[in-house]
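Next comes just one chain, in structure tokens: the form predicted alone.
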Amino acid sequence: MAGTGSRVWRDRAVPLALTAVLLVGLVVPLLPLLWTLSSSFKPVSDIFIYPPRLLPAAATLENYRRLFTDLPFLRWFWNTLWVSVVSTGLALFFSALAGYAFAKYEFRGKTLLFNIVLGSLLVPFAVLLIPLFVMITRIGWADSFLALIVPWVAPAYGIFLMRQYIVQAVPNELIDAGRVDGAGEFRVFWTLVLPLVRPALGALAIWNFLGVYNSFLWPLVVMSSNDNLMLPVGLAQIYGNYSREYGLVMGGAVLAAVPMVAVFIALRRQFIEGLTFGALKG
């Protein structure tokens, strides 16, 4: 009986301990987010009060009002949102198209070309920054949204992800059946292949959207007009110009985080399926 009781206690204690560890792991990264949200509703004097208080003593919307009235925040927000959406849509299409070609077609130089694509992942962006900026400037795209979209329409990691997923998820027999039925190559890709790779598209959409949305260095270099700034650069400008008004910076950070959270919530299922497909299949 004693052994049975000890085993039952151990079977209960282990899940409880794991739950406690997971709760701690959840609270630790959430605390800065909660502090940012709370501070966005505080005047500066309350942000630095000691001892610190998580909830504001007297909540105020002044920080948010100033973002919309004193700064072109809405303009920056719109710039970032539409550039991220357009760039992600193009990246999904071209990555899936290239991944499909590498996965299901045989052509001369296929292995070499795919190795070049993979090798480009090893090149730091700092190495490409100056040559890419010179190229963009010479063709007249400096301070243009084309400079933020066109260079990233076919990311190497997206091509690799889609190629690996299509190899496992799309049977050759399905493609052959579509061709036998008279479908053209693009129609086979659009109507047969794409519906089967939606989990990978969802995972890639999240990665690409967050990458473009949070991009700082390239927009900082290539964009010069204040009305054309992206949100990360705009928030840095707010911090530089209003360095003592942390509530203003916190409010901008809270609003900037809303689209990222919304995209993750909307695509979280596809994101998880896309990342775990290979492991589950194996």
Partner chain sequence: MAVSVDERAGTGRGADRALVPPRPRSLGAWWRRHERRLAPYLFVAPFFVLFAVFMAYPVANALWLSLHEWTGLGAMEWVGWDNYGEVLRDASFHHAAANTAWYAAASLFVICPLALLLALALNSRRVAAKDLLRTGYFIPVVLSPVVIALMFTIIFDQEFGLMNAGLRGLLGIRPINWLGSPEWARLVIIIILVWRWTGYIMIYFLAGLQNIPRELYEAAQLDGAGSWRLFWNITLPLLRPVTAFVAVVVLIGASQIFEEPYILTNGGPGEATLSIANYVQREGFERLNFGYAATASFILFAFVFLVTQVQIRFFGIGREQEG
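We call the rigid core whatever largest set of C-alpha positions still superposes within 1.5 Å between the two forms. Positions refer to the first chain, counted from 1. These numbers were taken from a predicted model, which means no experiment stands behind them.
Form predicted in complex with its partner chain: not shown, discussed below.
Proximity of Leu74 to its partner chain in the model of the complex falls outside the 4.5 Å heavy atom cutoff. Within 4.5 Å of some heavy atom of its partner chain in the model of the complex lies at least one heavy atom of Leu235. Put simply, Ser120 is close to its partner chain in the model of the complex: some heavy atom of it is within 4.5 Å.
Within 4.5 Å of any heavy atom of its partner chain in the model of the complex lies no heavy atom of Gly89. Applying a 4.5 Å heavy atom cutoff to its partner chain in the model of the complex picks out Tyr100, Ala101, Phe102, Tyr105, Phe107, Arg108, Leu113, Ile116, Val117, Ser120, Leu121, Leu122, Val123, Pro124, Phe125, Ala126, Val127 from 100-127, in order along the sequence. The Cα position of Leu26 differs by 2 Å or more between the shown form and the other one after fitting on the rigid core.
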